[in-house]
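What follows is a single chain, given as structure tokens, in the form predicted alone.
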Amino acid sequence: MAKNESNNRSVEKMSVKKVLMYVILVLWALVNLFPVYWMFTFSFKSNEEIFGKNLIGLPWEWRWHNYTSAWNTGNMPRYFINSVIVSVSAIALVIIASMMATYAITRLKWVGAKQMNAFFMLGLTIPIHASIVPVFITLRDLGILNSHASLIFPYAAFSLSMGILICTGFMVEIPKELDEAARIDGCGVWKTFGVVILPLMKPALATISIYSFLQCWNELMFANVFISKSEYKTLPVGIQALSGQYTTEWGPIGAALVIATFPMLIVYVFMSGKIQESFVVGAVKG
């Protein structure tokens, strides 16, 4: 009887702990999802509702024309396309450069490999906007201001250190015997890199892609300073331009924010599996 009572008490304690854990997780999820809900409802409201009368509730009148107004005001389609071009190009550069640099540092034998890795890691200590003046001067001297390249190269450069850090954590755990077996089969350095190493690095590539995409898609300071021509401006700059000089319709700005956020959600939905896989693999290796 005593054992049964103790077992019942332990079961009750476990159930109480589980309920408390779920309550805490639900509350935490609500706290994190509330900004998304507020932004979505904000995009359908008028200024009258936004400023006090209906701040967090559902819209009294669903103003779908806020989205058409946001899309048609200024040059938003062009800004959206520019953001896609810049982000995708920068991600491609980061992936190629970080993978090649990591392979050279971790798999090839040469003097100064460790020092070169430490040099790359110094990039993590440099705030991206602290270097805006020297980067601006460099881009001006190269003659590539007011172009997609003036954003692609800085974005890729400042994401490279994190990309190498992520790739290194995976690549050092890949057995070097695979490289040796590939050489015995007649594979050179490039074929070993492309056929053997790259397929095993998919979780790391997904992590780098999401990290770089968030950095590029949301960045405003470089895009505002390096680009003055309307045909090369990105989406954050375009959203900033929606505010008027004297009065501002905030509903269309909320709609523009939803439009700008949607690609990030899509990228995360399609690549979150690889991110979770990378965490699991890292935990198993650790």
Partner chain sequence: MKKKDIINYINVFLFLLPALALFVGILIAPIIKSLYYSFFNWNGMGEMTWKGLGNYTELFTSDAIGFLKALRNAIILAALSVFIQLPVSLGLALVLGRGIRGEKPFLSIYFMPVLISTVVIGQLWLKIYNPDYGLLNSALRGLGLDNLTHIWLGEKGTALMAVFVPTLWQFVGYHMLLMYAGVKGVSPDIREAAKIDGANESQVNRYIVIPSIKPILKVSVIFAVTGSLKSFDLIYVLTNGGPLHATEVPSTVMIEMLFKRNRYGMGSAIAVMMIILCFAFALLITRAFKEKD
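All values reported here derive from a predicted model rather than from experimental measurement. Numbering follows the first chain given and starts at 1. Between two forms, the rigid core is defined as the largest C-alpha subset superposing within 1.5 Å.
Just so you know, the form predicted together with the partner chain exists too; it's not on screen, but the next bit is about it.
Peer 1: With the partner chain left out of view, which of Pro175, Pro199, Pro127, Pro77 would have a heavy atom within 4.5 Å of it in the predicted complex?
Peer 2: Selected residue: Pro127.
Peer 1: Exactly one of Ala182, Val84, Leu160, Ile144 has a non-hydrogen atom within 4.5 Å of the partner chain in the predicted complex; which residue is it?
Peer 2: Looking at Ala182, Val84, Leu160, Ile144 one by one, just Leu160 meets the 4.5 Å heavy-atom criterion.
Peer 1: I'd like to know if Cys167 sits close to the partner chain in the predicted complex, meaning any non-hydrogen atom pair within 4.5 angstroms.
Peer 2: Result no; Cys167 lies far from the partner chain in the predicted complex.
Peer 1: Is Leu205 close enough to the partner chain in the predicted complex to count, meaning some heavy atom within 4.5 Å?
Peer 2: So Leu205 does not count as contacting the partner chain.
Peer 1: Trp28 near the partner chain in the predicted complex, any heavy atom under 4.5 Å?
Peer 2: It does: once the partner chain is placed as it appears in the predicted complex, Trp28 has a heavy atom within 4.5 Å of it.
Peer 1: Would Leu265 count as a contact of the partner chain in the predicted complex, using a 4.5 angstroms cut-off between non-hydrogen atoms?
Peer 2: Leu265: yes, in contact with the partner chain in the predicted complex.
Peer 1: Within 174 to 196, which residues have a heavy atom closer than or equal to 4.5 Å from the partner chain in the predicted complex?
Peer 2: Residues within 4.5 Å: Val189, Trp190, Phe193.
Peer 1: Rigid core fitted, is the C-alpha displacement of Asn224 between the shown form and the other one 2 Å or more?
Peer 2: It does not, since the Asn224 C-alpha is displaced less than 2 Å between the shown form and the other one after the core fit.
Peer 1: Given a superposition on the rigid core, I'd like a yes or no on whether Leu142 shifts its C-alpha by 2 Å or more between the shown form and the other one.
Peer 2: Where the cores coincide, Leu142 still shows a C-alpha shift between the shown form and the other one that is 2 Å or more.
Peer 1: Core-aligned, is the CA shift for Trp64 between the shown form and the other one 2 angstroms or more?
Peer 2: False for Trp64: its C-alpha shift is below 2 Å.
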